[in-house]
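First, one chain by itself: the form predicted on its own, in structure tokens.
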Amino acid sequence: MRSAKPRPKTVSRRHVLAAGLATAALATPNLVQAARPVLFGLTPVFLDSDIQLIADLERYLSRQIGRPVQLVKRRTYQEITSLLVANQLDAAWICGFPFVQNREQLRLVAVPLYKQAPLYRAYIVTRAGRDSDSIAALRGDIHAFSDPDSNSGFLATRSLLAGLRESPATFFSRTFFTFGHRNVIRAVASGLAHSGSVDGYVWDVMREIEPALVSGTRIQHVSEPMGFPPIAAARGVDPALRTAIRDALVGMPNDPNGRMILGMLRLDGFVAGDSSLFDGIAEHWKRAQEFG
């Protein structure tokens, strides 16, 4: 018996279209790239207790950039910075200390304006009512730090003590990290810590939105002005995307939704900024390293 000839395969219109789209995607990688969400990281420097604020920022950036934006949150500065340096995030709102540490691998995108300047200060706070008026009076404290990669929440105090030929280990009786500036305030207000190192911007804003908590603390020491925690991009990010993110941030005062978000953040806007803003933080790092 003669074997039956194999039937020719039929090619449907759907297959033709699918093949065409696949070929087009291979030929135009920019289209594939454009479909991928922009990954924007947030660290605890961000006031993240308001879920609505996070959602509003995500929507605003998506609309302005013309691509979906996904906000990525992590518990520590190191986690976000590592993702950013490894090009697994496109941009992130980080701290000035990680920016200084990784300046060669990162690109500055924008710097927030707080009280009309791209600057902020580090505070050392104690419990309200405590009778102490000098850093020396804090010797032997249990001290709360925010994060080992935080400028205001660790490095600034470490540098201050280095100027006194001290270190946190020799000056304080015990230290611990809370991994959040709000947590530092809570630790001091509750008596879990005698003193703490905190972002002055966060303390100022929380005094307005959570006065009952912040009233349990008072400012003991204020640092000199330093570069405000910046938005940085991964070195490998497309310059056009970096520019689009910067334009979206700088343009916030000109957009109703942008102004609403700035109001919630208690910021005046964003500027392109310059990496020299963080030279003071680099000096703190150098002083801390020299002392060991």
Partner chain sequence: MTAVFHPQRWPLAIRAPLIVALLMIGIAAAMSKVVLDRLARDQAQSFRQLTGAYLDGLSTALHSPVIRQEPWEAFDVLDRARHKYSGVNPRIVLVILPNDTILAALDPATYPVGVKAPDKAHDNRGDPDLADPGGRVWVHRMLREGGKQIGRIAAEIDISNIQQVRQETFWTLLGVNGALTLLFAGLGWLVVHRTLRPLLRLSSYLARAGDGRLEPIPERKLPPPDTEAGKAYRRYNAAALAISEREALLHRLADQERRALLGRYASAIAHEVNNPLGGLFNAVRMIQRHGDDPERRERAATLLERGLTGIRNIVRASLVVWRGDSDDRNLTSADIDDLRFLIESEAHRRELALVWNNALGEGVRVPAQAFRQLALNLALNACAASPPGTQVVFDVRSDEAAVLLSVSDQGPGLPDEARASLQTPGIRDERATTGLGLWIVSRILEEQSATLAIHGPPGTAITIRIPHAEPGLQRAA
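Residue numbers count along the first chain shown, from 1. The shown structure was predicted, so the numbers you read here are calculated from the model rather than taken from an experiment.
Missing here is the form predicted together with the partner chain; even so, the following discussion is about that form.
Identify which of L71, A162, I135, L192 has a heavy atom within 4.5 Å of the partner chain in the predicted complex; exactly one of them does. Partner contact (heavy atom, 4.5 Å) among the options: L192.
Exercise for review: With the partner chain left out of view, choose which of N183, Q78, Q105, N87 has a non-hydrogen atom within 4.5 angstroms of it in the predicted complex.
Suggested key: Only one listed residue qualifies here, and that residue is N183.
4.5 Å heavy atom contact with the partner chain in the predicted complex for all of S150, A156 and H221:
No residue of the spot touches the partner chain in the predicted complex.
Touches the partner chain in the predicted complex: R139 (any heavy atom, 4.5 Å) | R139: no, not in contact with the partner chain in the predicted complex.
_Since only the chain is shown here, I'm wondering whether K115 would be in contact with the partner chain in the predicted complex (any heavy atom pair within 4.5 Å)._
No, K115 is distant from the partner.
Report task. Please check if T178 has a heavy atom lying within 4.5 Å of any heavy atom of the partner chain in the predicted complex. Result -> Answer yes; at least one heavy atom of T178 falls within 4.5 Å of the partner chain in the predicted complex.
*Should R127 be classed as touching the partner chain in the predicted complex when contacts are defined as heavy atoms within 4.5 Å?*
Yes, R127 sits close enough to the partner chain in the predicted complex that at least one of its heavy atoms falls within 4.5 Å.
key: Contact stretch among 168-176, 115-123, 203-211, 92-100 - heavy atom within 4.5 Å of the partner chain in the predicted complex   = The contacting stretch here is 168-176.
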